[in-house]
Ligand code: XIL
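Only one chain is shown below, in structure tokens, and it's the form predicted on its own.
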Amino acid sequence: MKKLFPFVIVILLNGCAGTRQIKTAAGSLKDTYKKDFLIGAAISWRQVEEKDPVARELVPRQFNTVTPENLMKEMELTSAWGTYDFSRADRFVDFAKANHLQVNGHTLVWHSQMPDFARRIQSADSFRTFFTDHIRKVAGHYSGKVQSWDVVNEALNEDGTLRSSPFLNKLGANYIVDAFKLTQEVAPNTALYYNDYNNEQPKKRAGCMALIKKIQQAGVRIDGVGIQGHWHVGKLPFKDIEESILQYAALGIKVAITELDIEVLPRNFTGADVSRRMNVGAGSDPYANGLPETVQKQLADDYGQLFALLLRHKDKISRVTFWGVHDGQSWLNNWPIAGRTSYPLLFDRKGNPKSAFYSVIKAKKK
């Protein structure tokens, strides 16, 4: 094993918050894994506008693919029937192109961030018109501009049954097959994925596999499944993750880890259901002044073990995307409790590489 020397280069950036010092990591994720799978990050509108000097340095150096945190979701693109504004999402695509980044579109069908007018539609026929027009309009607009789509997002309950959502309630159980069929028609050269959290867990995995088979049996194309990867430090289900990769791949599709972060803060439930919340209490924000070395080490060990597992099955993995560029951006600072201080990613709030970053690099060196 070659020893990695963590030398750093100090770069001065003039951002909107003043001059910052960013220690550039000795090593690049995208270069280290270039023969294995794509390495990506979810980026925000502020980062597209290049108002985040930390991300401005990290994104082109560390990643070769990006996912929009919110910019391509339904409520971001349309707020009134038949009216679409692609300006910010187009800027995201232009940003990716300028920085030689592939794009994963996220997401065409999701029950959570729907525009208000769509939630108020009572007629099943009218709702189907919205559903059909939205997919054709958005997937068609970005055909040839994005490499993959999360066509349907989080359609399953924890037991593997279909979630009660406006799509299921108004369109019936076949709406997911319909969504993939519509997308393949207008974006024939784009890879199509189903994306969910906890779908490495046996019950939900079984439901996810049944869903994939249903799409395939209908003669509709599905290219991959996204396992989001919102896990908790010291509790990663490595056995379930590996078994899921093997079982999904046996269906003839690729596996992507699509929204990877490892939570270090206390939580009384698992998964990533954005509708769930926790009450503030004693100990809710235990690391406001910094992450203890013991937790930092566990986080690094978890990331290293995870990437070692993914490398064993690199022929089945298409992409690994972190849900954020650095800790300061992470949604986990504000969910399921607002205003906490979380540390789930590889780079800290100043853009400095954490020990977890070097564990991921070293996983490849072994």
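Everything numeric in this text was worked out from a predicted model, so none of it was measured. One-based numbering along the sequence shown.
Only in words, not in the display: the form predicted together with the named molecule, which the text now covers.
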item: Output flag, 154, 230 and 323 jointly within 4.5 Å of the named molecule in the predicted bound form, heavy atom basis; value: yes
item: Region of this chain that lies against the named molecule in the predicted bound form, out of 146 to 154, 85 to 93, 123 to 131, 179 to 187 [heavy atom, 4.5 Å]; value: 146 to 154
item: Exercise: residue 28 in contact with the named molecule in the predicted bound form, heavy atom 4.5 Å; value: no
item: Residue contact check: residue 272 to the named molecule in the predicted bound form, 4.5 Å heavy atom; value: yes
item: Exercise: residue 70 in contact with the named molecule in the predicted bound form, heavy atom 4.5 Å; value: yes
item: Residue 164, heavy atom within 4.5 angstroms of the named molecule in the predicted bound form; value: no
item: Residue among 268, 174, 294, 113 with a heavy atom within 4.5 Å of the named molecule in the predicted bound form; value: 113
